[in-house]
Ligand code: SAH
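Single chain ahead, by itself, as structure tokens, in the form predicted alone.
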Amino acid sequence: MEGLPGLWRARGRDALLIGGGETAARKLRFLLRAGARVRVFPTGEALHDEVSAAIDTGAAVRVDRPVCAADGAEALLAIVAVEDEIAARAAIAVLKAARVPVNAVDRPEACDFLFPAVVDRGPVVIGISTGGAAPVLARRVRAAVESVLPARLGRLAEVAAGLRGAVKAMIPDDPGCRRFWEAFFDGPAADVLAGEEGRAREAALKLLNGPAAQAPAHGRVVIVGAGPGDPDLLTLKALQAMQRADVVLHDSLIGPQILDYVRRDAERIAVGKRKGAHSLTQDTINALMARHAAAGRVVVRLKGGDPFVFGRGGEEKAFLEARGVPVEIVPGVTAAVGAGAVAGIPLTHREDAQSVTFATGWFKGGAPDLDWSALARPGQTLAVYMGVGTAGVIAERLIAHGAPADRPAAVVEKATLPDQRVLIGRLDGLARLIAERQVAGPALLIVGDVVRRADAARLAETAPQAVARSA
């Protein structure tokens, strides 16, 4: 982050506004809405009509002299919105010497804090900032947010505020209290958004006095597919689950960008298993999920890709259900789909592949127990998970069962992430390609004629030096 987000409690506090023109008028509007006591230092500028009107009505006080250090003694903040460069620099120097936080309009290098673009559904306030880099972009994001938020969202917050004391008295424990509010905002009480405040309050009180509010919290587990790595590929349902979790057990392949979407105060436990480096056994992971759910917590088991595609999601589901733990599955974009998409490789194609097979390359000793004859046939695509270390064995078995040595093959490493790589070669050179290019994974192998359709030109343009071809 370029700055620390926060909200100033400005009501009844002194704010200094340096300038009196159009720019100052915009900032004055902002300060008055927040309830600040504003002193305006015009510094010789002609007063904008809005500034003049605020002074005439007593909403702001005019001070006809340059700002001085004494003015900042009780000031919460100061805004320098004067066009004259000399006057602006002088005011900034005085205010900083007096240790008053300064926002200097169009002078980001002099700012101690920045004003975001604001969505105001009081008391719900959303600030959007680009750190001063692109104010127009911030305004466009604000417009997009405005378009999806109901106009009466603030009234819903006010109804909730009026009930907080009663809810806390009747449901003192934090998980139970939080679950009540989730039910409140998801249920009939949200009718307030349509202006039906009476119904909203009635529904909330019914919920609070009902048996569900008094019953002990029941835990559950949500097994969530986080996709191949790019946070933009998270599903809406995955985001909702991550925001409601009390505990998140996540794999080692889940990057920090994905974890940024987890509720801030949720407990996070890394339980990743990678080749030769298992942090926890599967039995331990299963026991952890069951224990936290038994304690009434919402547990999210966050997995890369899709939990039911080489993710042991089925095993975990069976273990939990056998112990009476409610389980929900949230599918995700599996690695093969993500890898094919970023490489421009269609996994199926009317001319090249009428079927696709997902297989695992991980095994203990010998060769993977696969139908090699079937996989070697033409007109299909083979996508191999966890196959980097066994690529040579896989290629040998396919060729031995009839696959041509020059069948196209691709290695997609860190698919959908900024440092992804796509390596394209032949089946008989697959192991050599991986060794020469020092592929460490995570990576997925794609074998089949569809690999010839890889969009290398586009990848080279968007990710320089990300594509390599091998004869």
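We number the residues from 1 along the sequence you see. Everything numeric in this text was worked out from a predicted model, so none of it was measured.
Heads up, the form predicted in complex with S-adenosyl-L-homocysteine (SAH) isn't pictured, but that's what we're talking about next.
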Just one of 71-79, 137-145, 284-292, 308-316 has heavy atoms within 4.5 Å of S-adenosyl-L-homocysteine (SAH) in the predicted complex; which?
308-316
State the residue from Val40, Ala54, Ala403, Ala415 whose non-hydrogen atoms include one within 4.5 Å of S-adenosyl-L-homocysteine (SAH) in the predicted complex.
Ala415
Met386, Val167, Val262, Ala90 - the one with a heavy atom within 4.5 Å of S-adenosyl-L-homocysteine (SAH) in the predicted complex
Met386
Would you please decide whether Thr381 lies within 4.5 angstroms of S-adenosyl-L-homocysteine (SAH) in the predicted complex, comparing each non-hydrogen atom pair?
no
Even though S-adenosyl-L-homocysteine (SAH) is not shown here, does Leu31 get within 4.5 Å of it in the predicted complex, heavy atoms only?
no
Within a 4.5 Å heavy atom cut-off, is Met242 in contact with S-adenosyl-L-homocysteine (SAH) in the predicted complex?
no
Partner proximity in the predicted complex: Pro442 to S-adenosyl-L-homocysteine (SAH), non-hydrogen atom cutoff 4.5 Å
yes
Near S-adenosyl-L-homocysteine (SAH) in the predicted complex, with a heavy atom at 4.5 Å or closer, the residues from 326-353 are Thr334, Ala335
